[in-house]
Structure formats: C-alpha cells, structure tokens
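Okay, so we've got a single protein chain in two different forms coming up as structure tokens, structure 1 first and structure 2 after it.
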Structure 1
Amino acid sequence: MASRPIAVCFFAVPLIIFLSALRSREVLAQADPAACLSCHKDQAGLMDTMHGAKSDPASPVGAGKACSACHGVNPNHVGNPAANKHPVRFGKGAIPAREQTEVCMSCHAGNRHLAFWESGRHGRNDVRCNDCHAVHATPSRGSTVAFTRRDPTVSPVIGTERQLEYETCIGCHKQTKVQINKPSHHPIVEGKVTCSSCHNPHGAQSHAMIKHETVNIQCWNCHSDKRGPFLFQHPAVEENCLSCHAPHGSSHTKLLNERVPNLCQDCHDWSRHPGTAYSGDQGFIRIPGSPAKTANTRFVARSCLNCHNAIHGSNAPASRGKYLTR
C-alpha cells in the first residue's frame, strides 16, 4: 500500500514539469512581440515607438515583457484567441476606463507632467490614455509618439509631414475647432503653436488646465512685451487678458472679443466721447480758419486706439500715461 503514493508521484512530477514547460513557452511567446504580430499585423507600428525599443531596458520589449507588459498574460490565448481574451483590453467598454489608465500609470506615474492627472478634467471625465495616444501606430516624422486622429485636417494648406497635435484635441473639443478656423487665430492649424503650449492635457490644478498659475502669466510667457511693469496699468489687462481677447480665435482682429469701440464701451462710459452726430460749430478736428471753434469729442468714425494706443499700459508722464494716450 505504501508503494501507491510513490507511483503516483513518479508519474505526476513529470506531468507537472511538462505542463509548466508548456506554460513557460506560452508566456515566452506572449513576451515575444513577433509572436503577437504574426496575428496582429495591424499593430506592427509598435516596434517603431518607445515601447518597442529593444535597446532600452525600460521599454516593454527591451525588458522582455513586450505585449504582456500592458495586456497581461492568458496562457490559452494563442490556442483559442476568441474564447481566451487577455486580462487587460483597451478600448471603449472593454474594461473600466480607470483600469485602462492604471495600466499606463504603472510605468508612467513618475512623469512630472502626470502629477495632477487625477485632479485634471480629463482624468475626472474618464478620458483614457489611448483616446489621445495611438500606442501601436508609427510616429510621424520628427515625433516620438503617435496621436489619434478622428477627423481630416482643417488646415487649408498642409505645410508639414508632422501629425499636428490639435488634430487629436479637436476630436472632442468641437467648439475649439470652430474658433481656430476664424480669421484671427493663434497659428495652431499652421503648426507653430500647439494645444500643449498653453494647456497640460495630463492634468493641472489651474483653470482649463493651463500650464501656469493664471491666464495672464500664461499669456506673458510669449507676449512678454505686454508684461510691464507699467507706471499706468490698464485695469482690465491687469485683471485678465481674456477680458478683451479670445484665446483660440475670433472674427475680429487681434483675437478681440468684439470690435473696437464696442469692446471698450463695455466698461467705459460714453459720456466723454458721445456717439451722436457732429454739430455745426464743431468738426472732426480743429482746423485753423474753419468755423469750428474746438475739436469734437464725438466718437463717430473714430476708434479708441487712434488716441489710446498704449492699451496694455504706459510709462508716459502725466495725463498722457494716465489716459494711455500717444
């Protein structure tokens, strides 16, 4: 009777070793990108990305994990892919968006740009990393990552082979798509300014996830000539650049919210420069020898900026600086 357990062990041990070997071969096959790409040929662009860098020990392929680093391991996947999905699947409705993001964060959480992902608008609205990043796609020339593109480009002239960042953002931000195509706009569609020049898409504690503490500091990052300090500061400018300007685009010159003088008269009383017609004894300007005794203060056919051209602030002395005039 004592010999039976020994006999069972004699046959069980080789069987366990054999099954373990099969399992190891299966795991190795899923760690080899070539084994996965033999079926998933449409994902071959992975090998041109940082994830597929064989020479980088920090990349999934360089670390010997390949596809299983993100998708997990299912030993039965190769034998019957339809019935045996990988534990982690990416895409809408595959697994919860938060779990998909956590897979990416397991490697990328140390990136300082991701420090406020949880508090950012994208993170709080279940935006997944692969909503913006095409992880398996070949990056465009001059880039290390590829972005998703849902719509055709809106640029009237294609002057670069690079995939422009805004083409990914406008897939969700439709209103911004309209604004950047208005006559006056930041050179976003031209590829000179990107959305991430002003915003941190990976999360920030500031309004609209801008990269600096306030809107004004963000604008001064490029428009340093408007920073001052000025002896006489325009209060509206000091408070917020967006009081007068539309950041993405406008139908009015210089990205203004309205045309001048309507924009100025939103804050300034019209009493000093009424919009009524000219009188008989006052002309547009004071011309020597004319019937007009004084120059007219009426605002018909004039612009505020004809006189008040130092609109962001002035260091001129006395009333010239006080009223931001020439």
Structure 2
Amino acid sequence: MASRPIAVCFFAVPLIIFLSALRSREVLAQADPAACLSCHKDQAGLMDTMHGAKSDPASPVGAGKACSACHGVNPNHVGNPAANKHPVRFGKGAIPAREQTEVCMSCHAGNRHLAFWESGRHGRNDVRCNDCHAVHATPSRGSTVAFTRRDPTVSPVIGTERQLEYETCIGCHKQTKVQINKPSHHPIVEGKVTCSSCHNPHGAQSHAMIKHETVNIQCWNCHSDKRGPFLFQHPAVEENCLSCHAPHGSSHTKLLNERVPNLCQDCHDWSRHPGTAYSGDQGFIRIPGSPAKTANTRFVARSCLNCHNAIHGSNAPASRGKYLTR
C-alpha cells in the first residue's frame, strides 16, 4: 500500500524540479534583461528608454517582462539561439506586420493619439510601429522618442547630433522630400516645424491625416491672424488656404502655388480689370497685337498685391476694405 505514494514521489519530484527549472528559465527570460544583454550588448539602449523604466509598472521592465513583453518567450533560446527563435520577430524572419503592431498595441491601444491607427493610411498599408520608432535606441537629447531615421542628412542649419523627425518620414516620402527643399518652405529642415505639427502619423480620419478637421483650422492653429472674422472676407481664403498655398514648399515666394498675377487670374477675369478706372493702353500684361503699348507699371513686382495687399481679408471701412486694398 505504501508503494504508491513512493511511486508518485518517484515521478512527481523530478517532474516538479524539471518544471520549476523550466519555469525559472522562463522567469529569467522575462525578468532579467542582464542575462539577455550579456550576449545582445548592442540592444542595451532599451534600458535608457521609457520601456526600461523600473519605476513604471506599465513598462516592460517595470512589469518584470523586460524582453518578453515584446519578443515573447522561448526558454531554449539561450542554449541554442539559432535553432530557437522567439515567437515575435521584428527583424530577420519577421512575423506579419499586423501581428508586430498588435504587440505594441497590447500596451498602447488606450493612447488617444493612436485611436485611428486601424483606419489610418499607415496602418492600412502595413507600415509598422517600428518603421518609425527605434525602441532599442536611446532618444537623442531634447526628445522622448527615438526614430529610425531612414535618411539621415547633415543639414547646414542644425547640429548633427539632434535627430529630426522629418528625416524618418522622408525616407519613404520622396515627393515630400523634394517639396520641403524648395526655395519657399515651412521651416521643417530648420527644425522649427515638424511633420507631426500638421499630421498625425498614427492615423486620423481627416484628409491626408492632418490633425484638425479641416485644412484651414490646421493653418489657423499657427497663423491665427488669418482667421478673422474680417469685415470684408476674401471667399477664397475662407474656403481653403490651399487654393493659393502649397503646404510643404513651393518655387514661388510665400508658399504660393503660382506667381501673382497668374494665381489671381485663375479665378478673376483679367478683362474686367482695369475697367473704367484706367485707360485702355494700360493692361496687366502686354498682349501682342493689342492697342496697349506697354504693360501697366502698376503691375510690376508685387503685381495685384501692390494694391490688393489685404489679400486674406480686411477690416478697413468702405471700398478700401471691400476691395481688399488695405
């Protein structure tokens, strides 16, 4: 009768020892980054990021899952790394993009900036979190996030040690890269405006993932003097700043889509101006074969803007305001 408990002990004890050994290797794999980093020295930057914060119980390290929170666990990895990969791989032999993102979202889904990830252009096109975020890299001075920075450039206007967000973006967005280097541009390469000043890279329901509902609200955010209300509005301005301006850059001054007067004449019929106020030989332009001998000197340089200088709207009384001339 006594043999059964002995037999149970005979099998159970080694089993328990075996299981607890497995378990402790698993715990080690989860809890002790030092063991992993003894081989993976080049990944140690993670410990300097918010993911390495011991004081934050929500961070991987604070939760005792320094590496496993993202990579999962393979208890046999240490013994034979090449044959025992981790369940979650971001680099070599990567798992599908969507599954990589889900790992990050297991902690970050509650972040309101990420609320439209699924419907955003990046999410829908299989861009991964780690295409922009280098979670193992120590953020450069003055920022909390390290970027992957696909296309590092040495800019003449900034120190090379500061990592600018746009460098990561233009690694994929070549067209935008061309635009922000045109003669007139938002000071993005100068480091004063970032791509995410206007866009939410994590997705938004707006046109082109801009941060505000409409383009105008987006622009007013920094150019509040253009908001009005004005006594005399210029309907084109109220409607959309992009009727006249390019958001990233332009070869014309002041980010204009076209040069003045052509810009204005897209909407305004030149034949109505000068009208009766000026004589027939003073057109906007010199038209070959027309009675006009010269182009009107009033239209040189700033052209229409010589007179219509309150182009975004005017509060001046009477006809001066009405015609946006002051």
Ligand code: HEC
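The structure displayed is predicted, hence computed values, not measured ones. Residue positions are counted from 1 along structure 1's sequence. Note that the rigid core is defined as the largest set of C-alphas that superpose within 1.5 Å between two forms.
Of the two forms shown, the one predicted alone is structure 1, not structure 2. Core-superposed comparison between structure 1 and structure 2: the CA of residue 316 exceeds or equals a 2 Å shift.
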